[in-house]
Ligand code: NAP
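Take a look at this one chain, the form predicted alone, written out in structure tokens.
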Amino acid sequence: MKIKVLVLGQLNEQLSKRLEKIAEIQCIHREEALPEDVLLEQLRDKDAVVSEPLDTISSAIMDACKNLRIIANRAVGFDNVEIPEATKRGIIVTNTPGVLDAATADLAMALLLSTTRRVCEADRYVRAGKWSGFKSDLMLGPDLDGKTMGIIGMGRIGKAFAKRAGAFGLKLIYSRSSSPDATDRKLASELGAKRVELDELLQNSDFISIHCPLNDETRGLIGQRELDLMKPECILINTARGAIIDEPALVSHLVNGKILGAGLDVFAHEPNVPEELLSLDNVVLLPHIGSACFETRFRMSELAVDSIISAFAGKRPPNIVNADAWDEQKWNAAAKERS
């Protein structure tokens, strides 16, 4: 007996064939998030869903979808799913850690370089026919070498970014380490990085890059007070989640020149971008493409598909977010019933 799976977004043909061995698949290709009532109706009779960051899986949806057993989220972040509610209902949630670290760290570095060296602004300048020849004061920006990079969130992606930043000659300080003792020793040894309290990081960094997850503790972590602590010449990079920053406060600081610039791949209310930012030359804006590499996106989808296949074979997926929801006896019984 095949299970029913809803795939939100594209799925590689190779992975579709693998999943089709155990499942009837319905794919919905969409450019934006489905309204809750539409998503509910499509998911009502499904046993599993492959979701993405724009898909909000609420408790109301879980209540209406009685067959739902697993939410395989194609992202390392899972703030789009009400995890405690899923756990209460015995629905397991998986994510895709590890496979997108390098791609996201690369993009954060690209944003830093694009912002400091004014790459996008310079490109627009040339295309507009404004360039009349070499000028010694044209498109000046801050050096990286010898400056201080503050990293907020030293998990997998934060560490990958730290290695890249260190290679550019940046001094590294960081806060919010998920495993402070081991990370402190390793990064101090390898990169000369130092863990500090958040306020110290904000006050002393020339550049700041955010890599922490979005949760109740980090929502609005960077607000008016924190932005005021930053140097006027600071550049802020965010490839994590938009809601970690108080967006109106950030917009105000950028518009009024209280910080030098920002490179943003994520926003608080995607796909909505604050109108005030669109005309600013000191801001680089990207459409949430941190993991947008061919191989990375394939591996993310592969992890999601493998999680579903493993779970319905009675095997605990290695990347369960809410381990308390896993009932080995129940899943083994379901696997025997299917066979």
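This structure is a prediction, so every number in the text was calculated from the model and none was measured. Each residue number is its position in the shown sequence, starting from 1.
There is another form of this protein, the form predicted in complex with the named molecule, and it is not shown here; the text below is about that form.
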_Contact flag, residue 288 vs the named molecule in the predicted complex, heavy atom cut 4.5 Å_ = yes
*Any of the heavy atoms of residue 164 lying within 4.5 Å of the named molecule in the predicted complex?*
no
*asked:* Residue-level contact is defined here as any heavy atom of the residue lying within 4.5 Å of the named molecule in the predicted complex; does residue 213 satisfy this criterion?
replied: yes
*asked:* Against the named molecule in the predicted complex, would residue 77 count as a contact residue? Criterion: heavy atoms within 4.5 Å.
replied: yes
*asked:* Would all three of 152, 158 and 221 be in contact with the named molecule in the predicted complex, where contact means some heavy atom lies within 4.5 Å?
replied: yes
_Proximity to the named molecule in the predicted complex (heavy atom, within 4.5 Å), stretch among 97-105, 114-122, 247-255, 133-141_ = 97-105
_The single option of 173, 191, 266, 259 touching the named molecule in the predicted complex, heavy atom within 4.5 Å_ = 266
*Pull the contact list for 222-242: residues with a heavy atom within 4.5 Å of the named molecule in the predicted complex, in sequence order.*
239, 240, 241
